[in-house]
Structure formats: structure tokens, C-alpha cells
Ligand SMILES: N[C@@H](CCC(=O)N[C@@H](CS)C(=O)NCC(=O)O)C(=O)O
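To begin, one chain is listed below as C-alpha cells, in the form predicted alone.
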């Protein structure tokens, strides 16, 4: 039987591939990886090649024997199934809540901090979050605080779940822009635990070595860039 093959993406740009990759790693599934360069202009030819076997013509894609599993959620659910369900809560209501968070992120997380792209998390110089962006981030952590209080942590539902992994790229881009967690101490502890996972650290170490991918819409007129801290504050 052939090893599953994950078509991943440029590690400082492909947040969706990161989610699938993390789920496979945390499920203990051995897989080969082919990194698809999704930077412009080569992304178009590279994704045309993916379109030959995957209808969305996007990454991530997981090929398991003759099965082609596309879309990050499908790959994450596959990883959970292979791992006998360990990446979703046992409790029915908690599992539904986890899937609600997964779906919220997958549908765009209400465009929270839309100009703070995943790519921008790797810039050596970062601008400050705007007042509006800080308020938008607050909507997410106002939601997560009572969930963490109810579970007792360290993760959203006690043990690590797909909901945690789904939110890792969002955690990366907000924490690396020095979001003040004073109002969300449980979320800070959760974010610290997530970023401390060996799987997350491995992805980030590789991503940090890559050339930066710049987007003009990142800047806000009149708001200077600054050197952002490299790590989360101590808790």
C-alpha cells in the first residue's frame, strides 16, 4: 500500500495546507509531502497541474491510494477517522460546538482582521493592529474564553481537537501582531499551548526561513510599521 501523499503549499502562505498537515501529524499518520509553490506567477501553472486530478485545483489535497481527498476539512476529518476519533470531543454537544468553530473558520471567520494575512505573520516588520482589528479579534476571544473556562483547558475541549488545529493560523497571525490578551487570559494560555506543539513549531520553523510574500493592502495609511515581538509574552 502506497504512503498517503499530501500536496501542501508554500509554508508561509498556505494556511489551509497547514491545517491539514497538522491534523495528519497529530493523528499520527505517516505521509509523504509535496510542497506546491503557490506564489505568483508560478502558482497558476502549478495549480493547473493539481487540477488534473483534483477538481478545485487548490491545495491541500491528500491522495490515499486511488482516493483523492480535497479541501482541508475533509482531510482533517479523514485524519480524525483514521485516529479513531481522538481529534473530536466524545461529548455530543462539545463535538457540535467544535464543529461550529471549525465551520466558522472555514467560512471566513467573519473576515476578522482580513488585512492581517497569514503571510504577514512572517514579515520582519509589522504594523500595529488598528482599533477596528483589535475589536474584531475580541469577538473571537470573547467566544473562546467561556469555552476554555468550561473545559478547563489547556485546549478548547480539554484535549487537542480539530477545532484547535483549525484556528492555529489565526492564532499565528494575531499573536505575531502583538495582540493584547489582557482581557482573555485563558485564550493566551491556550494560544501558548498551541504554538508550543511540536507539530506547529516544525511548520513555523520552516515557514520562517522562506522569502517574504508582500501584499500592498497590508499597510494602513498613516500607521507606521514596527518591530513586532518574536514570541508571546510569558504567562
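Numbering follows the first chain given and starts at 1. Quick caveat: nothing in here was measured; it's all calculated off a predicted structure.
Not on display, but discussed next: the form predicted in complex with the named molecule.
Asks: Does residue 106 reach the named molecule in the model of the complex if we count a contact as any heavy atom within 4.5 Å?
Replies: Looking in the model of the complex, residue contacts with the named molecule include residue 106, since a heavy atom lies within 4.5 Å.
Asks: Does residue 161 reach the named molecule in the model of the complex, with heavy atoms at most 4.5 Å apart?
Replies: Taking the distances in the model of the complex, the answer for residue 161 is no, it never comes within 4.5 Å of the named molecule.
Asks: Answer for residue 59 alone: is it within 4.5 Å of the named molecule in the model of the complex, judged on heavy atom distances?
Replies: Contact check for residue 59: yes, within 4.5 Å of the named molecule in the model of the complex.
Asks: Residue 71 versus the named molecule, in the model of the complex: is there a non-hydrogen atom within 4.5 Å?
Replies: Answer yes; at least one heavy atom of residue 71 falls within 4.5 Å of the named molecule in the model of the complex.
Asks: So if I measure heavy atom distances to the named molecule in the model of the complex, which of the stretches 26 to 34, 187 to 195, 200 to 208, 51 to 59 falls within 4.5 Å?
Replies: That would be 51 to 59.
Asks: Tell me, which of 63, 179, 168, 38 has a heavy atom within 4.5 angstroms of the named molecule in the model of the complex?
Replies: So the residue touching the named molecule in the model of the complex, by this definition, is 38.
Asks: Would you give me the residues of 40 to 55 that have any heavy atom within 4.5 Å of the named molecule in the model of the complex, in order from first to last?
Replies: In sequence order, 43, 47 come within 4.5 Å of the partner.
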